[in-house]
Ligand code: ADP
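Here's a solo chain for you in structure tokens, the form predicted alone.
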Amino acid sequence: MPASPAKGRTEKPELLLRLLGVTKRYPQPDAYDILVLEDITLDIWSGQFVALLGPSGSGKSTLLRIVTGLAQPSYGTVLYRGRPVAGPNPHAAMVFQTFALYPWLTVQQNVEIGLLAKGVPAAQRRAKARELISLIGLDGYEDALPKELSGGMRQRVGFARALAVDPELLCMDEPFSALDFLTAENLRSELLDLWIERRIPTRAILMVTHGIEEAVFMADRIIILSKNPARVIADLAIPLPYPRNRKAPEFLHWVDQVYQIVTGVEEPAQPTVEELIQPGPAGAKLAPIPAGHPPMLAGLLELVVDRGGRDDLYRLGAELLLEVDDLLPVTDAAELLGLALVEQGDLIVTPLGQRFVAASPAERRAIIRERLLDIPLFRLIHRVLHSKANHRMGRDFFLDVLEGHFSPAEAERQLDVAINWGRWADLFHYDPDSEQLYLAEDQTGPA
């Protein structure tokens, strides 16, 4: 059943978009494809403002591009009003995160560009563009170039350009993330007003976001994706009336509920070292190492221990001014190392985490060093360095291994994360000039 439409949007719901088993794979040279989306099945109805929420790298933007027809699924079906989407969806428009304006065109010309592509006569184009420029509050800037505008003004142009083609489905890819806090707040509120008061022709909105509070503030339905690969793990109707009060107990309740779901996603089991060295269709998939930095991890655990060893993740994120995408890598690292658990939206410090907080700096490194050796990638690095007569190995060797499990860019990132943790824990060293990982004399004991 579709979620209830926003107050003021009382039309009879119609099924606009249907995804059936949508899967996206990126082929790799070694035949070990990277699976980004797996079996995504969902419906979007008219009258709905839907937020697509998930960790960074969970395939949200890829899914949005498939919905708009800018990318094709590897498997599965995309239907709009019952018809397969083949090529750009003429009923959908996109607002991008990075504004994506043509720098050599004026505001007026940027807004008109979609109408020009559709063959709309010049006089009609100009009238429509001026109407939208006025609607978004940019009167007087029709002849300005993008470089003359602030970030918030440029994003307003992006909204006007998307709305100019009268899309039934407005798709937005983190449209407020590149803006400063106050500008983003103003634009959120203004877009909601246009939507609720039906001052735009759009019949449904699909917004990608990584901000839990933003999703609860704006959407009447939240779809939560897992990571590696992305699957739908929750589909929530948010019954709060508009306008929403961020401090109201009901609002905080829903934010906490979503936090519990997002932070409770389990990562796949880690493969053995043997499976890691020989990846492929028959081998196991390596789960990514979270990118939480050791000092931030230590500071977070100290804060929670001072509060009795347990604290609410949403409250922690709000106090530390961290979005869920910033906080999750730290809590994921704490869980992977056995220093903390996440249960029902709370971070709970384990006995090992308590010992870590009470330890000296040298003892902390020893604790992390021991825990890292339980993780296949670190165990592999350690064994390879021990097996070499000079206890050295080039970065490229480990990149070749990781590229059997990740894209080249993600393999680079994963190795950088591993090097950061390995150096901090004194498990191995890294020479950036020669790009070699190596063991010092005091690290060459039994592997």
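Don't overthink the numbering: it's just position in the shown sequence, from 1. This is a predicted model, so every value here is computed, not measured.
A second form of this protein, the form predicted in complex with ligand ADP, is not displayed here; the remarks below concern that form.
Colleague: Is residue 26 part of the interface with ligand ADP in the predicted complex - any heavy atom within 4.5 Å?
Modeller: Within the cut-off, so yes.
Colleague: Evaluate residue 61 for contact with ligand ADP in the predicted complex, applying a 4.5 angstroms cut-off between non-hydrogen atoms, and reply yes or no.
Modeller: Result yes; residue 61 sits at the interface with ligand ADP in the predicted complex.
Colleague: Whether residue 57 contacts ligand ADP in the predicted complex should be assessed with a 4.5 Å heavy atom distance threshold; does it?
Modeller: Residue 57: yes, in contact with ligand ADP in the predicted complex.
Colleague: Looking in the predicted complex, any heavy atom of residue 407 within 4.5 Å of ligand ADP?
Modeller: Although ligand ADP is absent here, residue 407 would touch it in the predicted complex, with heavy atoms inside 4.5 Å.
Colleague: Which one, 396-404, 382-390, 48-56, 413-421, holds residues whose non-hydrogen atoms are within 4.5 Å of ligand ADP in the predicted complex?
Modeller: So the stretch in question is 48-56.
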